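Next up, C-alpha cells for two forms of one chain, structure 1 and then structure 2.
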Structure 1
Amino acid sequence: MSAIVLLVLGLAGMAAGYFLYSRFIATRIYRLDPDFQTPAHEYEDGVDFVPTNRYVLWGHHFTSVAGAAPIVGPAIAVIWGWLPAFLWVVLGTVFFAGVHDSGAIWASVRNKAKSVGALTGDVVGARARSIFMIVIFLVLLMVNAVFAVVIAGLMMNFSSAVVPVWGAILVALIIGQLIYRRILSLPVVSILGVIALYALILVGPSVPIQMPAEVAGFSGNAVWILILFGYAAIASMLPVWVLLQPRDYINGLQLFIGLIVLYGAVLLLNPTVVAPMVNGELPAGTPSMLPLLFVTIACGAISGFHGLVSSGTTSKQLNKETDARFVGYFGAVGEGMLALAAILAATAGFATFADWQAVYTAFGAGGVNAFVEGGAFIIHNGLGLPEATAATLLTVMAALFAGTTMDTGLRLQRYIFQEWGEIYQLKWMNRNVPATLLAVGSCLLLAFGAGGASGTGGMIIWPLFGTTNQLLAGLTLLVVTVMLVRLRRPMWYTLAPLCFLLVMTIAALLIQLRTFFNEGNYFLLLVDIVVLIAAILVAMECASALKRSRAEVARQE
C-alpha cells in the first residue's frame, strides 16, 4: 500500500467533510447566522472579549488544541493495523470532532460565551456540573502526568534532542523580551527565533546529553520526570508574556513547518505502508480493539479538551457566528491532519514489516518513539536530511507540544486548587506557591504512586485519559443536543456521536476494571471506578435531560 494513496484518501475525506458535511451542519443544524451579534462585539472589553480575524483565531484554536495527544494516540493505536486507526481518524474528524468543536463554539456564543462547565450547569443541571468539575480535574491530572512521561522518554531515547528542547525555552525567553521591550519587530524576531530553533536542532545530534542510568537511587527516566515537574511548576507561575506566550508562538510556527516537511517528504518518497492493514498477530497482552481503539485515539478524532478551548477562549473572540464553521470544524480537521501524519510515520516509516514488528512488541510500546523513528526514516529518504537531524526535529516537535501543554495544564490545575481554596475559605490554598505545590504534588503522586519508582504512572493510565477525555466530549455533546431539542431542530447529528462515545467509554472502563482487578492494581482500580461512576451519571443525566427537554417542547406545542 502506497503512503501517498493513504495521504490523499485521508485528506480528501477530511476535505469532503469540511466542504460538504460541515456546510450542512452549519446551515441546517446550527443555523449559523452572519447577522447575529457575537459576545465578542456585545461585550467587547479589550481583555477577554475581542473580535478577532478568523484566520488568526483558527491559528490559535488549532495550536491550543493540538498537543502531543494526536501524535501519541494514533502512534499507539496502529498496533491493531493501519486501517482501524485511519478510519477512526478520518471518520472521527468528519462526523464527531468537527461537529463537536463547532457545536461547542456555537453553544457558547449563543449563551454569552459561557464556558462549557457553566453551560452544563445552566442547560443540563447542577449535578452534571459537579461531574464536569471532577472529570476536568482528572483530565488535567492525567495530561500532566502522561506528558511528563512522554517527554522524559523522548529525552532518554533521543539524547540529541536534549539541547534543542531545553534550548527552545531559552529562545522563547529571549524572543519574549525582544518583543515585549519592542527591541525588534515581530516578523524579524519570528525569523530569528525559527533560525535559532533550527540551528539548535542541527547542533543537537553533535552534543547528545545522556542522563546517567541512576541518580541518587532514581532511574534516569524518573530524574527527567522530576526535572520536568520542577520546570513546569516554575513556568506556570511566571507571567504569561515571559515564557508561555513566546513559547506557544514559536511552537505554532514549528508545527506548521513540521507538518509541511513531513507531508512533503511523504509526497516525494512515496513510502510503502509496511504495517498490516489489520494486525492478525497482536503481541500478547494487547487489549481488544473494540472498544479500546476509540479511547486510545481521542485527540485527532474527538476530544473533550477541544470543548474547553472552544467555549473557554475561542467563543469570546469570534467575530461572526458563521466563523464557527471555519474555526471549529477546520480546527478539528487540522488536528486530524496531524493524527494522519502520525499514522503515516508509524506505519510507513519502517523498511520492512519485521522492523515494524520489532518496535510494536507490546501495547503502548510504539507510541511517540515510533512516530519519531518512522517520521525520521521518511524525512531522511524523502528530503535527504540526515536521519539523526530528522529524528531530532520530530522529537523537538513532540516534546515542545507536550511541554507547553504541561505548563498550561499545571497552571489550570493551580487555578482549580485556588478556586477550592476560595470556596472552602482556606486562605493558604489561595496563594500561588501552595496551590502550585498541591498541583505538582497530585501529579507526582499519580506518576510515582501508580508507576512506582520509575515515575511512569502517567503512561499506565493513558487509556483512562482517553475515557475521561471522551466523557468530557460526551458532556459537551449533551449540552449541544439539549439545546437543539429545545430549538426543535434535528438532534441525531450530535446524539448519535454522543451515544457511540458513551457506549465505547463505558465498555472500555469495564474491561479495564477487570484488568486492574486481576493485576491487583488498586490505585488504578480506584481511579477507574471514579471515572466509571462519572460515566454512568453522565449517561443518566443524558437520558433525563433529553426527556425533560422533549416533554417541555411537547407541552409548548
Structure 2
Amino acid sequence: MSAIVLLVLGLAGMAAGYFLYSRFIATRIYRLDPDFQTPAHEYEDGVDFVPTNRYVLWGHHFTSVAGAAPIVGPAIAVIWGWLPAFLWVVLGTVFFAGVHDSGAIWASVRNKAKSVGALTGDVVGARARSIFMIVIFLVLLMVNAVFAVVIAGLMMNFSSAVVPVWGAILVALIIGQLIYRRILSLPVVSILGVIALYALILVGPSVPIQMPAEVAGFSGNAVWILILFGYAAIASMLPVWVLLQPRDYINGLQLFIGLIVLYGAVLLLNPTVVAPMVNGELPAGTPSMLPLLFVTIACGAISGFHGLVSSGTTSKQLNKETDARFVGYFGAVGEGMLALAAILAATAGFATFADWQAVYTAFGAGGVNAFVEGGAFIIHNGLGLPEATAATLLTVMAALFAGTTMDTGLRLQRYIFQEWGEIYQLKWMNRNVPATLLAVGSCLLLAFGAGGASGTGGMIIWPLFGTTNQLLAGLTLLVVTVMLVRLRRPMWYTLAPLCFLLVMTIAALLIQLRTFFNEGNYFLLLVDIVVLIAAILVAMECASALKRSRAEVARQE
C-alpha cells in the first residue's frame, strides 16, 4: 500500500469537511453573526480579553489543543492496523471534532466567554456543573502532569532539541512585542519568526545540552519537570499577547512547515505502508479495538480538552463571531492533519514489516518515539536531510506543542480554581497568584506525590485520560445541543456525536474496570469507578436536560 494514497485521501476528506460541512454547520446550525459583539470587545482588559487577528488566534487555539496527544494516540492505535486509525482520524475530524470545537467557541461567546464548566450550570443545571467541574479538573491534571513528563523525556532523549525548545520562547516574546506594538506587519513578523525558529533547529544538533542524570537527589527528568512547571506558572499569568498568542502562532506556522516537509518527503519517496491494514496478529495483552480505538486516538479525532481551550481562552480573544469557523473547525482540521502525519510516520517509516513488528511488541509501544524515528526515516530518505536534523525537527515539533498545551492547560486550571472561588465565595481564590499556585501545586502533588523523586506520577492515571477526555467532549456537546434545542435549531448534528461518545466511553470504562481489577490495580480501579459513575450521570443528565428543553419549547409554541 502506497503512503501517497493515504495522504491524498486523508487530506481530501478533511478539505471537503472544512469547505463544505463546516460552512453548513456555521451558517445553518450555529448561524454565526459577524455583527455580534464578542466578549473580547465587550470586556477587553489587555490581559485575558483581547480581540485578536483570526490567523494569530488560530495559531494559539490550534497549538494549544494539539499538544503531543494527536501524535501519541494515533501512533499507538496503529497496532490494530492502519485502516481503523485512518478512518477514525478523518471521519472523526470532519463530523465530530470540527463541530465540537467551533460549537464550544460559539456557546461560550454567546454567554460572556464563560468556560464550558461554568456554562453547564446555566444551560443544563447545577448538578451537571458539579460533574463537569470534577471531570475538567481530572483532565487538566492529567494533561499538565503527563505533558511535563513527555517534554522532559524528549529533552533527555534528544539533547539536540533543548536549545530550539527554549529558544522558541525568546523568539515568541520578541514576536509578541512586534505584533502588539505594530512595529512590523504580520506577514513580515511571521517570516522572521519562522526563520529564527528553524535556525535554532539547525543549530540544535551542534550544541546539545544534556541534563545530568542526578541533580540534588532528583533525576534529570524530574529537574526538567520542575523547570517546566516554573515556566508554565509564569507564562500562565502573563497577558496573552506577551507570550501565549505569539508562541502559539509561530508554533502553528512551524507545524504546517513541518507537515509540508513530511508530506513532501512522502510524495518524493513514495514509501510503502508496511503495517497491516487490520492487524490479525496482535501482541498478547492488547485490548479489543472496539471501543478502545476511539479513546486511544482521542485528540487525533475529538477531544474534550478542545472544549476547555475553546471556551477558556479562545472565546475571550475572538474578534468576530464568524471567526469561530476558521479558528475552531480549521483548528480541528489542523490537528487531524497532524494525526494523519503520525499514522504515516508510524506505518510507513519502517523499512520492513519485521522492523515495524520489532517496535510494536505490546499495546502502548510506539507513541511519540515511533513518530520521531519513522518520520525522520521518511524525511531523510525522501529529502536527503541528515537523519539527526530530521529527528530534531520532529522532536521540537512535538515538544513545542506539548509545551504550548501546558501553558494553556495551567491557565485553564487557574480559571477552574477561580470559578470555584466565585461559586463557593472564596474571594482569595479569585486572584491570579493564589489560583496559579493551587494549579501548580496540585500538578506537582500528583507528579511527585504519586511518582516519587522521578516526578512521573501523572503517568499512573494516564490510562484513564482517553475515557475521561471523551466524557468531557460529551459534556461539551450536551451544552451545545441543549442551546440548539432552546433556539429551535436542528440538534442531530451534535446529538449523534454525543450519543456515540457516551456509548463508547462507558463501554471502554467497563473494559478498563475489568482490566484494573484483574491486575490488582485498585487505585486506578477506584478512579475508573468515579469516572464511570460520572459518565452514567452525564447520560442521565443528557436525557433529562433535553427532555426539559423540548418541553419548554413546546410550551412556548
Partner chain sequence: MSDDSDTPDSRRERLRAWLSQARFVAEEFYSARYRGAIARARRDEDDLFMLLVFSEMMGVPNPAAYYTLELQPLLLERFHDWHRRMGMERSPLDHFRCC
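Bear in mind the structure is a predicted one, so any value in this text is a computation, not a measurement. Here, residue number means position along structure 1's sequence, counting from 1. The term rigid core refers to the maximal set of C-alpha atoms that superpose within 1.5 Å between the two forms.
As for origin, structure 2 is the form predicted alone and structure 1 is not. With the core held fixed between structure 1 and structure 2, Glu419 has its Cα displaced by at least 2 Å. With the core held fixed, Ala126 shows a CA shift below 2 Å between structure 1 and structure 2. Put the two forms on the same core and the Cα of Gly455 is off by 2 Å or more between structure 1 and structure 2. Per-residue C-alpha deviation between structure 1 and structure 2, core superposed: Leu184, 12.6 Å. In the rigid-core superposition between structure 1 and structure 2, residue position Val146 carries a C-alpha shift of 3.1 Å.
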